[in-house]
Structures are given as C-alpha cells and as structure tokens.
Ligand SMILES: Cc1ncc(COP(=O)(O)O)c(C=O)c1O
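One chain follows as structure tokens, the form predicted alone.
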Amino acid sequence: MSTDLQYYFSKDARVMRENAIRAMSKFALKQGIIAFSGGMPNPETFPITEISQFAQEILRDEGANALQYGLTVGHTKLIEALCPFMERRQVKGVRPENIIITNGSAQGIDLMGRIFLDPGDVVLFELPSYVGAIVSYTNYRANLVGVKHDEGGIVLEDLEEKILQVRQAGQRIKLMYSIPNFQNPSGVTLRWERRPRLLEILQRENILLVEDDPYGEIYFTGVDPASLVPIKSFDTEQNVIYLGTFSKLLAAGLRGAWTIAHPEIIHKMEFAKQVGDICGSSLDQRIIYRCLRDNLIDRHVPVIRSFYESRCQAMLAALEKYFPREVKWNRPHGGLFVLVTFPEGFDTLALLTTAMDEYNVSFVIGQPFFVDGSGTNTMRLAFSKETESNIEEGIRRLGEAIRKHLPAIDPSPQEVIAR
C-alpha cells in the first residue's frame, strides 16, 4: 500500500507501545531455548482433570446456556461466590454490585484507563512496575510518574514528595497503580505497616488506588499470610479498585479475573466493556464458579506454592553458584520473579542479544518496567516455566554471557541482596 497509513491512525494509535513481555514471549516457544522471559504460569500447575470434569458436567447440565452470550458484568453465581472468597482475604462488605468479571486482570487495568484517564492526567507508578499497566496507560496518553521502591515496597516519603511536585506543576493526578504482593518485576512485597499509611495518603490527596494482586496467594514457606492482606481491606471510603485473577491459581487460558470497586465505577466499566467484548466466556466463568463451589482452589493452591517455591530456590542457588559477585538480586518469598541488578552503566539489552544468539537463553530487560527511563542495568528472570535442571543450566549460560560483557570482573561467587 503506497498510502501513508499514519494519516489514518488516531492520535492514540500513534503513541501505542508494544508490551515488552509479550514481545519476548514468542522466544519462550523457540526450540531449544531456556526461557526466563515470559512470566506465564507453568501448565504443570493446571488442574486439567478437574477442569475437564467440570466442563463436561456443565455442558451436560446446562447445555446451550453455557455456550450463549452472558451478562457483561459476568456470571451471577461466580460474582456471588467471590464475595465470601474475598471476605476470607479480609476484604469485608463486598456485595455483587461491587464486582465485575473481566477477561484477565489486563482488561481490568485497561478499563481503568478508558474510564478515568484524559490525555495528560498523571498516574503514579512504583519504580519498577508492571509493563502491561505502563503500556496501557501510556496508550491513553497519560503522564506516568515514578515513585521510589525499596525492600519494603513504596517509599511513602517519596510518594508525598512526588504528589507535591506534580501538584505544583499544575497537573492532575487521577490514579496510583500498585502491586503490593511479590511485585512484578521486583518480587518485593509492600510491608504490612505501610499499607494503611499508603491508603491514608492517597485518600487525603483524592487519588484512587488500583491495587493489582495476581500473586498474593503464591507465598512460600515462612510467610505469614496476614502480612499480605489487601490494601482494599483497609478501605472504608471505596478509594481502592482491587484487581484479582485466577490465571495463576487455575489456568491462564480461562482468562478469569475480577475487579472490586464502588458500584458507580463498576457501572462505567460495564459500559466500556460492552463496547470492547460484549461479555466474557460463559463456559469459562461457569468452570471457575465450580472450582470455587467445590473448593478446588483451596485444595490446589498449596500445590502451586510448593511448585514455585522449589523452582525459586533452584534459581537462587544457581545465581549464587554462577553469577559474578558484582551482580545483585532480590530473594523473593513468593510470586514468580527475580530482579537482577548489574553495576551502573551495564547494558542488559546488549547482554540479551548475546544470551539469545550464543547461549539460547532469554530474559526480559528491566528498562521497560521503569517509567522514568532508568533500569537499563536490570533484568527480570521468571522461574515459573523451566524445570529445576533447566534453571541451573540457563543460569550457568547467563553467567558465561555476563562475563563476556564484564570480562574484568572477579569470577568468584557474589554477594546477594535481600529483598
């Protein structure tokens, strides 16, 4: 086509960015590659036998109704079942009118942008934060402002300073996006004592919190689940929009997720969702409901925790064995990720080329996770996909690739930072 298509694209389309994680996911399927790139759940954790049984029962008992269009907000029984499910996580007082079912939490994130953001509105992000949310709100032409992160999560003093700076610049802050539990990509968990204080600051400043919680149930041995209580549990004024998902607890392909928010927000999300997809899968939502009703999730989650903990420990042991001492990383107590930090000036993009072309190993470079443009010396490793033996071999290969880019470093075992 000879016509310049840029003439036809909207202003929104012209600023759209690719999701770096999705761009790397195709390499996870490349023959022979050891993939630390995609943060997808491991299919070995999917309860295939039970899901198959539920699907057969649903089709037998409900027939065509299970294959018909459903309500935009979601399957009624699933919505009702989520109320006691969230109460067990200390989020009390949730009613059906507070819930909408979405096609993955990514759709919930995107719907937030659609109903809240005008071009130039400010969204606050942790440094680093989830690429999917960064790309989504960039595509809505929002102004993304980073807030410092340490081993205990969001640095509240820096949050207050950034709010002051933005307000003094005459800009409007609409949202803050946060992953409080085993954050993607850092693996950091927001300390319990910071959670109510964070909410107090945002309520005082009239900023809505989008709390994304895909990993809160995937905690390892020694973690007190009470320390992972959602920020939403402290929310008496409905300032928190909570996003949950079954992608990591059941199967990612079911695309089952939910949003909890003020009923007026849910209504706006419903209107926006009607335009986007009319409704989610009636069959998938019925399967998820059966999994809740028959307590499959409660029985299955301990298996998932043990599965990912063993792979995390395999990765940490391999990092200690094969990575140079100048390289640092966190020690996550849940979730799917390890964030690796190199000396200042190190370029993980150049390392990625070497790792993939010469060593058949993939990872995700860190820079796309940082809204302020920093993080070029970081990378995210996902330990969810590979076997323990592949994890050790992949980290060994990465260690060799790193030494090609830092030939002068001491090859002795490195120090490890705790996070």
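Small disclaimer: the values here were computed from a predicted structure and weren't measured. One-based numbering along the sequence shown.
One more form of this protein, predicted in complex with the named molecule, exists but is not displayed; see below.
None of the heavy atoms of E126 is located within 4.5 Å of the named molecule in the predicted bound form. Taking the partner from elsewhere, V240 is found to have every heavy atom lying beyond 4.5 Å of the named molecule in the predicted bound form.
Using a 4.5 angstroms threshold between heavy atoms, L283 stays clear of the named molecule in the predicted bound form. Using a 4.5 angstroms threshold between heavy atoms, P214 counts as touching the named molecule in the predicted bound form. Of the stretches 114-122, 147-155, 178-186, 312-320, only 178-186 has residues with a heavy atom within 4.5 Å of the named molecule in the predicted bound form.
This chain is drawn without the named molecule; in the predicted bound form, the residue among T341, T245, T72, N98 with a heavy atom within 4.5 Å of it is T245. Taking L202, L292, I79, I109 one by one, only a single residue has any non-hydrogen atom within 4.5 Å of the named molecule in the predicted bound form, and it is I109. For the stretch 77-107, the set of residues having any non-hydrogen atom within 4.5 angstroms of the named molecule in the predicted bound form comprises G104, S105, A106, in sequence order.
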